[in-house]
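Coming up is one lone chain in structure tokens, specifically the form predicted alone.
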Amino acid sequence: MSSPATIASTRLKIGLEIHVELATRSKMFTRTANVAHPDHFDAAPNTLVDPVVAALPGALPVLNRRAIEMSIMVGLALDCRIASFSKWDRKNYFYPDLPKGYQISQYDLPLCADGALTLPRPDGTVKRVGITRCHLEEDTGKLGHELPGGLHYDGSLVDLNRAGTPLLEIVTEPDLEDADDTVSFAKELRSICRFLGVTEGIMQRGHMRFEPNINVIIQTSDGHEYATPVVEVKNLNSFRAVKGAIDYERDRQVAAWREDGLVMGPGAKSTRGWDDTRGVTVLQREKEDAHDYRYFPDPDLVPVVVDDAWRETIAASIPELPMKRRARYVSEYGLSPADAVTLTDDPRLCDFYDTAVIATAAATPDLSGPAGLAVAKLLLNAGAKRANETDRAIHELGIGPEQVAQLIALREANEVGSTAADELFGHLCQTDEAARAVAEREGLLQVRDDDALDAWVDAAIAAQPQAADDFAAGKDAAAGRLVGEVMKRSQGKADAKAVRGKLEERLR
């Protein structure tokens, strides 16, 4: 029965469980190739299987050291305490894609715990999200309902390629209170994991799966507070789905409470799936509690002991992370926050950019502004345009960091104009040659011949008499039409600055 009091206010309470498939070369407890590694993502079904994965009698697991190191890297990046001693547990449940009938996981002694990630918000405030734990486990297999080629099959098919993949589960505190902050957190965590090199983070391939635990705190007009039952939405693999599921659950849970008055309590949790087509969540099952899984220590695996030397070696391998890089780009180079976000979206683009900045600073030490700003403008204009045209990332266009530096040096010396620089960028995407050699061959170097400039300026004044009169009368905006006319007649070879000087001489 619903409460007779009216609702005065509501607020969301959200915690996240994030599953990160680690891109090790082999699986968590066997040397069989890992489907989450880029070399094996398109393997035919059930080809990445061995006796350990298939749970054949007598097959014993062996720890993957690299998966443990990757997990510690993530834990350190999230300011977690790294356990000096952690162990492995069997999580028992029966499902067709779980050959052993249990999953090897970590229960009471996780590898990483008690961390936090502090997010900057657009309004200048920050949001701290506590990290409860990061524990390492193995992934399950995958169920399908269609045969290869899209043929329908009356039943379910099991693909065990994913079974045994190293899976890092990151669990947050319920510190998030709206969909936007949750999506920001999810994006930042994905960036961190990609910069660490622990995953490609391609969500469509299941490299990262987000599971928000959502409920609503309802304040009624009579001063009472009610917490709706927690709902876990499973296996979301896009930020759009994360936002959509949270927004939908907020409204659905309030409506459900109005109808039945149910609040959080023992056995009240449930899991739901997300229907992306209809934009709704769908009930799947009642949520199990920890005791339902009958955890007990795995007798076949040794504990993980992390000493100070090992932890410090792993910490030394952590690169500059995206949040710190963005702050540096804004403070040192004068980039806008939006441009800094774009450049740190992909670690490969970020590395390309940093290399180009170093090369530009070396090639043009007397550059009129920060090298980082000049490189960013070139990549986010000429580069982004061609990336959109070719459906490739900027760092995949073919131009190299040294060529970027050479092009900027030509532009700084006024040897190529802005239009020619854009065209030259396109040519450099097709060759490894030096920028000057390509500019000379393609006729893109600016002409500094005074006689030629005089002829082009005379022709422009004759062709644009009104613009010439306006400029002579002090209307600076009219210069654009005259300079444009010169550039058209010179096929972009004239120095725009020199053209402006000639116009000043003639008309003022």
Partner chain sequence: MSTDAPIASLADVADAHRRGATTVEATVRSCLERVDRRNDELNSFREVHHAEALAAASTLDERLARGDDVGPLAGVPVAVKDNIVTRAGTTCCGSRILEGYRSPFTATAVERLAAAGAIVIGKTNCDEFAMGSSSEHCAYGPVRNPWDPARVPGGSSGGSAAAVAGGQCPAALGSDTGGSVRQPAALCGVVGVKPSYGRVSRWGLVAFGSSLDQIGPFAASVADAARLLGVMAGPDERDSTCADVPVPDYLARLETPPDPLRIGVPRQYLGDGNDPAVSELIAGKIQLLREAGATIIDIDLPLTTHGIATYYVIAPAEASSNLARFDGIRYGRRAKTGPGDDLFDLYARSRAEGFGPEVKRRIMLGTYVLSAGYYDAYYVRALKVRRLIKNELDGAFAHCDAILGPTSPVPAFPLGERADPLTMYRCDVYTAITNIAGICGISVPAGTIETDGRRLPVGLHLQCPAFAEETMFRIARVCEQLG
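Numbering follows the first chain given and starts at 1. Everything numeric in this text was worked out from a predicted model, so none of it was measured.
Separately, the form predicted in complex with its partner chain exists; it is not shown, and the next lines address it.
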property	result
Candidate stretches 33-41, 57-65, 462-470, 479-487, one within 4.5 Å of its partner chain in the predicted complex by heavy atom	57-65
Partner proximity in the predicted complex: residue 300 to its partner chain, non-hydrogen atom cutoff 4.5 Å	yes
Distance check, residue 100 to its partner chain in the predicted complex, heavy atom within 4.5 Å	yes
Contact test in the predicted complex: residue 92 vs its partner chain, heavy atoms, 4.5 Å	yes
Its partner chain contact in the predicted complex: residue 240, any heavy atom under 4.5 Å	no
Listed residue (167, 357, 160, 208) with a non-hydrogen atom within 4.5 angstroms of its partner chain in the predicted complex	160
Selected contact from 52, 48, 444, 453, since only one has a non-hydrogen atom within 4.5 angstroms of its partner chain in the predicted complex	52
Contact at 195, 197 and 312 by its partner chain in the predicted complex, all three, heavy atom at most 4.5 Å	no
